[in-house]
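Heads up, the chain below is alone and in the form predicted alone; it's given as structure tokens.
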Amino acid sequence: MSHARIALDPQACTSCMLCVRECPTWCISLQAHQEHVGDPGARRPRTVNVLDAFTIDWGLCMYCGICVEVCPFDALAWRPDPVPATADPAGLRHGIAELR
């Protein structure tokens, strides 16, 4: 498979931040919040991270694939289609909608 760009499966992302921490160019930003998930009979409530925003700046990305490799939940994967060309640097920042 050709490595042209990275895709995100937002349902699989647990907001663990491994991709953000391991990226050598810091081109990934992630925002999340915590929600309590509890069973009525549980001793204490369990919290889970919920993804709010995920952005890749293709102007900074060096397409190394470290983020894809370190994701323990396979939320990131390679896509064969290239990043669309743009004359505006802001157009190189893709969020969840563009990364699906």
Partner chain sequence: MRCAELAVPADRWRATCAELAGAGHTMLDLLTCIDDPAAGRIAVLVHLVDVPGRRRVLLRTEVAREDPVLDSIVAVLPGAAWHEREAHEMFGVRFAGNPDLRPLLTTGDMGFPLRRTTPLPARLQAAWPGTADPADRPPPAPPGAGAPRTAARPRTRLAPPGVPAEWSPPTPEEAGAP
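Since the structure is predicted, the reported quantities are computational estimates derived from the model, not experimental observations. Numbering follows the first chain given and starts at 1.
Although not depicted, the form predicted together with its partner chain is the subject of the following passage.
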Scan P89, P10, P24, P82 and let me know which has any heavy atom within 4.5 Å of its partner chain in the predicted complex.
P24
So in the predicted complex, is its partner chain close enough to A75 to count as touching (4.5 Å, heavy atoms)?
no
Its partner chain contact in the predicted complex: E69, any heavy atom under 4.5 Å:
no
4.5 angstroms heavy atom contact with its partner chain in the predicted complex for I56:
no
Give a yes or no for I28: in the predicted complex, does one of its heavy atoms lie within 4.5 Å of a heavy atom belonging to its partner chain?
yes
Relative to its partner chain in the predicted complex, which residues of 8 to 22 have a heavy atom no more than 4.5 Å away?
S15, M17, V20, R21
